[in-house]
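First, one chain by itself in C-alpha cells, the form predicted alone.
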C-alpha cells in the first residue's frame, strides 16, 4: 500500500492540528520549515509577478517541503470570484515545469461536488480512507485547532493588560509545544484545564481602559503573523487590546458540508446594508465584521489583505462608507513581498496615536483616520 510523504502550506498554527491528523490517517508528513525570507524568495522567484502574495509564500512552502523529501503536496481550493481557486492549479504547473515528479492533491470545496471531495480525501490517504478512523482523528484535530485559536485569543486580549507580557508569551509558546504531543481527548482536556487555570492567575492591569482594535481582512494575511509582521504583537506592545475576526476554525467550518459558521453568517447579515452579495474571498466578511466592531464600541479597525486582492479592494471602498457612518477609524494595510516592516510600524504607531487622541479629545474633533 502506498505511503505518502506529504507537505502542506503553513497557516498560523494549522500545522499542529495537521501534525496529529495526517499521521493518524497513515500519512507521513514533511512539514515545511517556518516561513522565512528564503520561503518568500523561492515563491516570488517562480510565481507569476502579479500573482497574489499568499500564492507565492505557499509555493515557497511546497518547495522547501520537497527539498526535505516530500513526494506529495496537499493544497485546498477556493470558490467564487477570487484567484485563490487557481492557486493549486498554477502551483502544480510550476512544480511540474521545474521537473518535480510529485503527487499534487487538490482538495476542492465540497460545493464543486461532494463525490469529488471524498475522492480527494481518499487520495490524501493513499487509498486507505476509513470514514470511522477519519472521523475520530478529525474530531480531535478539530479540537486541537480550536484550542490553538483560544491561546492566540489570550495573547491578543491580554498582551496589553498583563503586567508581564513576556510571561504570557512564554506560557502560550510552551502550551503550543505541549499541544503537539497530545494524542487523546483525555490528554487534551487535561492540558486545556491546566493552561486556562494558569492564564487566569496572571496579574492584570485593570486600572486602564485600554484601546480596542479589531482586525479584518483576507484569511491568510490576517492570520499568518510571519507575513503580516506580527501586527497583533505590535498593537499589543502599544497598549491595545486586539480582536481578530478572521479565524481558521470559522473558515473551515463554513467550507464543510452540513455546517455553517454562525459568526460568518452574522457578519454577512451586518454587511447587507452596504454589500448584499458574495464577492469572493473574505470581502463581505471584512465589511460585516467592521460593522460589528462599530456596534461593539471598538476604537478602530485594521484591514489586512494581499496587495491587489480583488475582494478586499472592493471591501476597502465599502468599508470607507462604514467608517464614515459610524465615525470609526480604519487602517488599510496591503501586504506583498515589497512591504517593509519599518513602514508598517510607522503607520500602525500613527494610527494608535490618532486613536489615543480621539479618546482624549473626543471623536468628532479629530475626524476619521484611514
Partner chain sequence: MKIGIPRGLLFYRFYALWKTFLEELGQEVLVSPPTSKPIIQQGLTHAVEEVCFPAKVYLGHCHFLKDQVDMILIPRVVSFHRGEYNCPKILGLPDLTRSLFGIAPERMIDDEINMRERGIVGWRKGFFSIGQRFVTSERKIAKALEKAETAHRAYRDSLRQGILPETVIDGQPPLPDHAEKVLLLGHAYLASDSYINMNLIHRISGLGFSIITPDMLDQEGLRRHLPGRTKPSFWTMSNEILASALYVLREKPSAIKGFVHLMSFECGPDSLVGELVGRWLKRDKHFLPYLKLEIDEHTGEAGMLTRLEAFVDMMKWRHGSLESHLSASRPS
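None of the values given here were measured: they were computed from a predicted structure. Numbering follows the first chain given and starts at 1.
What comes next is about the form predicted in complex with its partner chain, which does not appear here.
Participant: Its partner chain is absent from this chain, but in the model of the complex, do 94, 108 and 324 each have a non-hydrogen atom within 4.5 Å of it?
Facilitator: Yes, the whole candidate spot contacts its partner chain.
Participant: Which among 197-205, 226-234, 181-189, 95-103 is in contact with its partner chain in the model of the complex, heavy atoms within 4.5 angstroms?
Facilitator: This holds for exactly one stretch, 95-103.
Participant: Taking the shortest heavy atom distance, is residue 153 within 4.5 Å of its partner chain in the model of the complex?
Facilitator: No, no contact at 4.5 Å.
Participant: Taking its partner chain as it sits in the model of the complex, is residue 78 near enough to touch it, meaning that at least one heavy atom pair lies within 4.5 angstroms?
Facilitator: Yes, residue 78 is a contact residue.
Participant: Considering only heavy atoms, tell me if residue 63 and its partner chain come within 4.5 Å of each other in the model of the complex.
Facilitator: Taking the distances in the model of the complex, the answer for residue 63 is no, it never comes within 4.5 Å of its partner chain.
Participant: My question is simply whether residue 68 lines the interface with its partner chain in the model of the complex - judged by any non-hydrogen atom within 4.5 Å.
Facilitator: Residue 68: no, not in contact with its partner chain in the model of the complex.
Participant: Of the residues 44, 318, 344, 35, which one places a heavy atom within 4.5 Å of its partner chain in the model of the complex?
Facilitator: The option sitting close enough to the partner is 318.
Participant: Would you kindly say which of 330, 314, 27, 30 lies with a heavy atom within 4.5 Å of its partner chain in the model of the complex?
Facilitator: By the 4.5 Å heavy-atom cutoff, the listed residue in contact is 314.
Participant: Is any part of 271-291 within 4.5 angstroms of its partner chain in the model of the complex by a non-hydrogen atom, and which residues would that be?
Facilitator: 274, 275, 276, 277, 278, 279, in sequence order.
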